[in-house]
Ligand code: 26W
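For reference, the chain that follows is the form predicted alone, supplied as structure tokens.
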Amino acid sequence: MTTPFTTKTLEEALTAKLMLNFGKVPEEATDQEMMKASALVLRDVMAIRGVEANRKARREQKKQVHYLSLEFLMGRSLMKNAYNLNVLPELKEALGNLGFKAADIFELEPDAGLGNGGLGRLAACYLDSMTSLEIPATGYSICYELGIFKQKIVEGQQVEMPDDWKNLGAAWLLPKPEEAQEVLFGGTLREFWNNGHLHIVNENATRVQAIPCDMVVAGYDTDHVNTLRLWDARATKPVDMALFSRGEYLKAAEETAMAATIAKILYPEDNHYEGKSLRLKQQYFFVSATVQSIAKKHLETYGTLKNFHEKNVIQINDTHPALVVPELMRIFIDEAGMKWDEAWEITTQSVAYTNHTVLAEALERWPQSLMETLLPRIWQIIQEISDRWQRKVEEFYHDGEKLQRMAIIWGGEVRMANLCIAGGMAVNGVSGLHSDILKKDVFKDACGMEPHKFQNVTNGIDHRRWLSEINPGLDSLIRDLTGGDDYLKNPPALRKLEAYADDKAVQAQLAAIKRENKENFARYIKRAQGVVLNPDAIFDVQVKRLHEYKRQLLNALHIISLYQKLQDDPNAITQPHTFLFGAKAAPGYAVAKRIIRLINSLADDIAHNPICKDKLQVVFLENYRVSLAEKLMPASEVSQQISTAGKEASGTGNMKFMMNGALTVGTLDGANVEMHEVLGDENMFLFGLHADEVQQLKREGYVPQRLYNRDPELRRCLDALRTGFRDGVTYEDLYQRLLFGMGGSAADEYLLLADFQSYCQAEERMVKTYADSEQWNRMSLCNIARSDIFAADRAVADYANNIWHVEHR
């Protein structure tokens, strides 16, 4: 790899960029202007490399990977790109020489508002790995104006604020209006025959322009770059002048308003018709623009679409991009003039589907009426796909119940997961346990008919970002012990650390690095939230999307139990214990928002009780995001991965914690299973029912009131929900939900009470182990050493070898 800059040439490039773009010399520039200048300098280098990468791919006619995801949680890009370009030290020095503090410039950059949780972060990690492995690939999503939302905690409650990230973040975007695509909504279809071919024309449709805004992604130790193509929405004409002239001002700007909403926010609330309509518009908008763009570039290179599947593979990240299947068919049939069977053969060899959930509510289903009116031609094609699929299922099974479960259209709904299965060449889960559940339960009928489609690719994370870049102290230790930086391109080199598991000097170094990281994080939180953390305390962390199955409420119940024990006996806690939470709840998810308020009520009560000082603390980290995670992960000591067994597909936070030496308290769920396979019982703290035991308990009839009646400790914790805390808020609703069920949900649907005692015991074991620093640091080093299996490079290589069939470095 060629290094693009020295410190001196970087200083010159930054100075020139400030003069050209802002009309200032460094002495006059603000931190914001310098941040933008730094981004633009690196962007220019990557853009030039991108041109060459694209030329090389076309010249060598390499197969292209197209990764479609409704979110890419990229975080900040300045430090990451500088790191991958191998100019991070030079950039820091150049900024310093020009009179700026590099840390301030890096901290100023906003997280790109392009994602929310693990799904989006996974996509970002994979894009990095695809680039580093020199796989020609493009990511596709929407260029959201405001992202998900910026979370503020006001009087203990989540308040959603606009996340206007583009003011500074747009420095990374390269708009390409000349490559815009047109996407049609609504309208009426007119059919006619010409030369033996049925032509279908959509008349009176609402037309929206999709403008690509490209974000170039640098790989590590390579000149290869890839692109994240983000589609922005624009009306084809700003206003209808005829309507405007007649005084119909609102109607005249109707198309402009609709276009503006499509790219406004990620995941608009869909508990009403308008929200569902907007979500479907978003999905078709980015899918149609993407498929049109791919097909156009393919035609420019090969002159035909008949070999499309030989040169392209489209990976659908969850069901959000499922409309790729009918959209490909539309282009092959309506625009390329293919017959159905030929188009279907090409489509089903081009598309692969990654499933990310076993939760029924997350397997998307769209109202048939909405699909008919919003996407009339796509609806026609889905009908034909559905009819042919049903005949295939009927011929194979001759079973009405299976036919109903596998149907694409049924009961007035369009089932997107079934559409992906029917129209794809591969279906994969994201952990061993998850893939087994898909094959044996969620999609068992489809697997029985087409078992060759079902695969597993356990998730992975970008270990260069989530270890080396964010944890320089640990990175330095690893380099010293393993003989260099080989692990950055060869993650199994981490296994060399195991040779030092019993080395007391290494254990002491590891402990010192963790202590420094804890102190750094404590200083950051003091500045950010005004909260004082005790670095002597256990940093016990649960950070992830707020959902009932992830069981933040179980964590809170255990804390209530500890608090009550401390009130009974001030000496009950001898080791200071700090519980750190970070989570966003979907704006319309009332129960999740109540759990956030409960955590904050509990934190407030404990903070104002003198008996808890230097013994027990609870802190809710506001606006959890990638850049906050980058500060938290190196400082974390305990990783809470406590979802109900069988509910978490994989998880990626668990991998980041493990890679930074935190020990896991968790259930055998998702990728925790594979973590346990390499760590064993001795290097993590397992508890709770297994996935098969969860199912058995529910079949037998689970009655949580029995646990309440016979367990005094549990009963006292639950009663505390009804009593409430010093802020005067009671949580009778959560009490009722756990014991009796509410709003159509079963009592204690996610078995918090069934796992309560087992969880408390696991936490006790963890605290006891923490007191033995030698044992703790040995376990921590083993976790780091064996985390190589969770590197995204391994996961992407699995996709490349087994699903995409593309070459890689």
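Note that residue numbering follows the sequence shown and begins at 1. Model, not experiment: these values are computed from the prediction.
One more form of this protein should be noted, the form predicted together with the ligand, which is absent from this view; the next part is about it.
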Q) With the partner removed from view, which of 642 to 650, 193 to 201, 401 to 409, 599 to 607 is the stretch that lies within 4.5 Å of the ligand in the model of the complex, judged by heavy atom distances? A) 642 to 650
Q. With the ligand left out of view, which of H272, R527, K698, R706 would have a heavy atom within 4.5 Å of it in the model of the complex?
A. H272
Q | Proximity to the ligand in the model of the complex, single hit among R279, K584, R465, K92 (heavy atom within 4.5 Å) | A | R279
Q. Does any heavy atom of H320 come within 4.5 Å of a heavy atom of the ligand in the model of the complex?
A. yes
Q) With the partner left out of view, is Q292 within 4.5 angstroms of the ligand in the model of the complex by any non-hydrogen atom? A) no
Q) Does any heavy atom of Y549 come within 4.5 Å of a heavy atom of the ligand in the model of the complex? A) yes
(Q) Taking the ligand as it sits in the model of the complex, is H356 in contact with it (heavy atom to heavy atom, 4.5 Å or less)? (A) yes
Q) So, G139, E145 and I265: all three within 4.5 Å of the ligand in the model of the complex by heavy atoms, or not? A) no
Q: Would you give me the residues of 406 to 433 that have any heavy atom within 4.5 Å of the ligand in the model of the complex, in order from first to last?
A: V430
Q: Could you tell me whether P268 and R377 have their C-alpha atoms closer or farther apart in the model of the complex than in the shown form, knowing the shift is 3 angstroms or more?
A: farther
Q: Looking in the model of the complex, decide if the C-alpha atoms of E269 and F72 are closer or farther than in the form shown; they differ by 3 Å or more.
A: closer
